[in-house]
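Consider the single chain below, provided in structure tokens and representing the form predicted alone.
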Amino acid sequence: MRKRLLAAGLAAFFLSSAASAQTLNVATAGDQNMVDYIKDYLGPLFEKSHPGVKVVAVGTGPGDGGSQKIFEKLDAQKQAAAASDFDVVVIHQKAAGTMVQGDLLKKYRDSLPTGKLVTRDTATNSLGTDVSGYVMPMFHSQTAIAYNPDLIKSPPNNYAELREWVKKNPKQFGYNGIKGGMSGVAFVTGWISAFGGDPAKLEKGPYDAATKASWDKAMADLKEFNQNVVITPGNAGTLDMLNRGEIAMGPVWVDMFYTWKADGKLPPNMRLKLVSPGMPGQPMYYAIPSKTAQEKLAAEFIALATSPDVQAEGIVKRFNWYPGIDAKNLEGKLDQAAWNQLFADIPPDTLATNGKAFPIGPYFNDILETYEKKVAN
């Protein structure tokens, strides 16, 4: 019944669009694959259901820098009291908070038929900023521990067990520290969440500069831990060493892990573990600029993009990303092989429990600075 009501809601939402010629301008931060996803898949799908509409996608560049360019454009147009050139933007967490605080985005999510399909904290909290209603997650990227089951029959369930495992199995765990990629950074922030105090405060604030003094023991333990691990060259370096059997376990980005497996660059039996109390990931957000003249059409585009069918086919099957909406809404939308690939090792309930956000900006910077001073040296 619930699925039929959702389908009816989406149909009514889309049928109300105008048939006259319109252009929907979508600006996306991120790598070229983000632009290609909209140009080659999502745009044509939307145009098919909206005769007379043309979707135009433009990329602004990878990383937070790409989102910063979108912010600068929207902010300049606000200062000039001009209409926005963009109708939909795809942005990172850091920029989303800044844009909400700058009154650059519309509050629209509650009007979407898919808005209630996401309950994860990152839909409301963006690195400490309340973004409730202003953003809709496109997807979630997630870090986890990859391991070789031929060498590890019972992988550690949490950071404490992992610490003990490394003592007994020196140089079999590898990560890239905080250089060369965010998988290592994610492991370090997860370590501080596990051993450094109040993880909820790290994710949501408020910021207290004195908090970092409480991490001294956790950082000392991490320095000792590092004596028994291999420091890899980066995200890809960890995967490469896993492939060559030089290490048996290490933190990875889940989408990279599955892409490497699909390309034959990892043994097919390699598995994942999302250890407790959790490891961070990060979403990309769909948002609507406050100065767009096409709010209704933009909302319809995002509703389609976050529908279970599109999330299953476009986000999960094409890119090995976790869906932006709650994974339970994709049951029955994926064939069993696709479902098993993404959720066999990390089922939806584990992802909901142990999939964490990165710390808010000031704590994030403090962790990296403290690591450099007390662990790397």
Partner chain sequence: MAKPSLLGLLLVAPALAMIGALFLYPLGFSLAAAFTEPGRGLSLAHFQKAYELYSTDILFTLFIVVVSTLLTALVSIAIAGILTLGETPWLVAALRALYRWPLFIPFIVAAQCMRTFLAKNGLMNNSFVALGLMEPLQATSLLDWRGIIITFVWKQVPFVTLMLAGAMASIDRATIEAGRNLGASRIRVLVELVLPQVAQTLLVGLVLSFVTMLSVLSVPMMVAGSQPTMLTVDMAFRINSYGDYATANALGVISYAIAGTVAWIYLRHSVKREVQA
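Numbering follows the first chain given and starts at 1. Values in this document were obtained by computation on a predicted structure and should not be read as measured data.
One more form of this protein should be noted, the form predicted together with the partner chain, which is absent from this view; the next part is about it.
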Residue contact check: V100 to the partner chain in the predicted bound form, 4.5 Å heavy atom: no
P277: heavy atom within 4.5 Å of the partner chain in the predicted bound form? no
Contact flag, P233 vs the partner chain in the predicted bound form, heavy atom cut 4.5 Å: yes
Contact flag, R244 vs the partner chain in the predicted bound form, heavy atom cut 4.5 Å: yes
Candidate stretches 63 to 71, 320 to 328, 39 to 47, 304 to 312 - the one whose heavy atoms come within 4.5 Å of the partner chain in the predicted bound form: 63 to 71
Can all three of G237, L368 and K373 be found with a heavy atom no more than 4.5 Å from the partner chain in the predicted bound form? yes
Pick from M219, I178, L117, M270: which has a non-hydrogen atom within 4.5 Å of the partner chain in the predicted bound form? I178
The one residue among K291, K94, K261, K201 placing a heavy atom within 4.5 Å of the partner chain in the predicted bound form is K94
